[in-house]
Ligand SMILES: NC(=O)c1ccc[n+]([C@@H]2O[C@H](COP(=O)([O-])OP(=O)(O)OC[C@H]3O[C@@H](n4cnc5c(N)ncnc54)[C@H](OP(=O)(O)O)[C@@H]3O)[C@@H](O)[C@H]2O)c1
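There is one chain below, alone, in structure tokens, taken in the form predicted alone.
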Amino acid sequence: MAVLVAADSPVIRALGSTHHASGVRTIRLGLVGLGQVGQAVARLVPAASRHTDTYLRFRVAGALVRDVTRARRCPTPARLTTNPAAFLRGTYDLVIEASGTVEPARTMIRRLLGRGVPVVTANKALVAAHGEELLALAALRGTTLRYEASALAGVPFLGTLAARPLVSRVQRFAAILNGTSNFILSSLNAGRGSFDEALAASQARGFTEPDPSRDLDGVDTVDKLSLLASLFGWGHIPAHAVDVDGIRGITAEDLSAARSLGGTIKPLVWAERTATDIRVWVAPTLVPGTHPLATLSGALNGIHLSGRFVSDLFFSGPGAGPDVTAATILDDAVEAVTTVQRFPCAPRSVPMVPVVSPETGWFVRARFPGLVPDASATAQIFAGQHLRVRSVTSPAGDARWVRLETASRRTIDAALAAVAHTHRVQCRAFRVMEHEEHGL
């Protein structure tokens, strides 16, 4: 399996790669994991050679897998093993980690970087938990750890910011970072079946793992948030400190009610670094229809950045799928063996500051046990809990949706619990993204 790319640098000359008389250098590639992403990498390696006019050839020399007998949709690497020690006895010029686990991936990468072997990964959980440690080890050993595909799978975003220190001084961002969640909500918004049907369609397209809990419950997005915070120089954000809400239980009626207010519901992460704290939430959020993030459908991801030196910077592109992830991984591999620049730079150690859940507006689904009250009576139910009501939608079935003014998460949770106890009204609260240019 091979792909050709141009290369003539001190890094390549320092590698132990084979060098043919034709001038083509063969880079011996190791794969850790042959799941959906690993198989896509193995498929792309020979296919890419037909579309590249260059002088570097990748050859998959070996792969570490859980089961050597499993049927796979890719060319079979020269050597398959389930034994990490046997894999490490191989000779590699670069290793791609595609296992999706934190351990033993961390231990394996430490061993490889310690030997000076460049590593490419799309493992956001690993980078979020141990990225600073691994980047420091790579710098110490004069090699590189690259992870462009770990945040926005198909968007060349991390490398762009890492190479631009002023632009990367981000102070606030809003983003869709999970392709599965956006695909499901987009399907509901378009009337393409139920939540479960949209999830099944996402899995059939390879956007979602057989166990979708990390995507549906916001865990995947929290990992990516932590990664981005480090890149932006904010320091570490502990996962347990983040206010997280997943997308389970959202209905097509919720999306329809959002449209009636001129918005849509998106699986958002919003974060701001102030002088004293980091304000953040990860949750399905009512987004103004005129905001760039509202236009992203299917598995597309996007991020809207503002900072000290730049405002309203927007990146978007494919956010899920093994093939697009594999393409970004191989781009990373090319850069890892053709440049001396280490990427990304090791995060600077910065003092930890509190991580807080900010006050926002709220959009609440209120499901009534019997006759749905009129808009005025509905507003009174929430006003009775000292919540300020901005508007109430027309009823749909047994529910109305209430747009509330700014309140804290604690206030909302307490008020909705009281409404459920007093009036037997079942509520589902969505945050509202406030933006001076894109109001709701």
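Don't overthink the numbering: it's just position in the shown sequence, from 1. Being a predicted model, the structure only gives us computed values, none of them experimental.
There is another form of the same protein, the form predicted in complex with this ligand; it is not shown, and what comes next is about it.
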Discussion item. Taking a heavy atom within 4.5 Å as contact, would all three of 66, 101 and 206 count as contacting this ligand in the model of the complex?
Written reply: yes
Discussion item. Can you tell me if residue 321 lies within 4.5 angstroms of this ligand in the model of the complex, counting non-hydrogen atoms only?
Written reply: yes
Worksheet entry | Proximity of residue 36 to this ligand in the model of the complex, heavy atoms at 4.5 Å | yes
Worksheet entry | Exercise: residue 249 in contact with this ligand in the model of the complex, heavy atom 4.5 Å | no
Worksheet item: Within a 4.5 Å heavy atom cut-off, is residue 386 in contact with this ligand in the model of the complex?
Response: no
Discussion item. Within 4.5 Å, heavy atoms only, one stretch in 164-172, 146-154, 354-362, 237-245 touches this ligand in the model of the complex. Which?
Written reply: 146-154
Discussion item. If the cut-off is 4.5 angstroms on heavy atoms, which of these, 325, 285, 301, 221, is the one near this ligand in the model of the complex?
Written reply: 325
Worksheet item: From the list 158, 333, 269, 122, which entry has a heavy atom within 4.5 Å of this ligand in the model of the complex?
Response: 122
